[in-house]
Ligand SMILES: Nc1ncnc2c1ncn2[C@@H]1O[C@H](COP(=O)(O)OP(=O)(O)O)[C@@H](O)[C@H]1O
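Before any questions on how it binds or moves, here is one chain, the form predicted alone, in structure tokens.
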């Protein structure tokens, strides 16, 4: 697995005839196999930072390194999951899962067998030949996970992947991610507005302020692993959630977090 090193990254966008500074001098390192969540008020630049790590957006200043190699664009070492699963509706679950190897020209005789194995791991055995419209919301997200993992990314970047799900499905997907991470131990950077989700999943939570976006505090989450959702009932969990929420509330700028599932700002 690979680590991520963000060094003094700044980014501005033109908006309404003016220049808006989205990120200012942000630095953070995520170790190999570590799970780090980015939280903060809407507009603090969490999504922009994630897209810069993914290579989809270029920083104005600073650098992003993956195992000391500079990020210059998207790559198969980084998989990205969005709030919507973004499956191709005209492809079956299996063909969606196989899309990456086919696009890269890395399809081999064993690729299909590996895709079927991966679909079994994510709980979609028996649904290989279904189309996305035939799946529930949680199943579509599992298919998106399978597609992302099919290319063996060393780093998984997730932008509010469960924000559009109902509460019960979201809880199930959080537990699914915990179990999958325990199995594979890939490096994860998660953007979320849900403080409880960040504490449940993460090794560390990075709190960002806005106007412009800056990293103001990194909070370790020393809850034991492997974790299940039951840990959210513990006193330690409640104390950590309170500490993260207070850090977000004290960070300057932007609109306050109101809970899980709210629409995020485009930055």
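This structure is a prediction, so every number in the text was calculated from the model and none was measured. For clarity, a rigid core is taken as the largest C-alpha set superposing within 1.5 Å between two forms. Positions refer to the first chain, counted from 1.
One more form of this protein should be noted, the form predicted together with this ligand, which is absent from this view; the next part is about it.
A.B. asks: Within 4.5 Å of this ligand in the predicted complex: all of 92, 122 and 125, by heavy atom?
C.D. replies: No: none of 92, 122 and 125 comes within 4.5 Å of this ligand in the predicted complex.
A.B. asks: Would you check, heavy atoms only and a 4.5 Å threshold, whether residue 202 touches this ligand in the predicted complex?
C.D. replies: No, residue 202 sits far enough from this ligand in the predicted complex that none of its heavy atoms falls within 4.5 Å.
A.B. asks: Heavy atoms within 4.5 Å of this ligand in the predicted complex: does residue 15 have any?
C.D. replies: Looking in the predicted complex, residue contacts with this ligand include residue 15, since a heavy atom lies within 4.5 Å.
A.B. asks: With the partner left out of view, is residue 42 within 4.5 angstroms of this ligand in the predicted complex by any non-hydrogen atom?
C.D. replies: Result yes; residue 42 sits at the interface with this ligand in the predicted complex.
A.B. asks: Which among 215 to 223, 62 to 70, 235 to 243, 34 to 42 is in contact with this ligand in the predicted complex, heavy atoms within 4.5 angstroms?
C.D. replies: That would be 34 to 42.
A.B. asks: So, does residue 83 move by 2 Å or more at the CA between the shown form and the other one, with the core held fixed?
C.D. replies: Yes, the C-alpha moves 2 Å or more.
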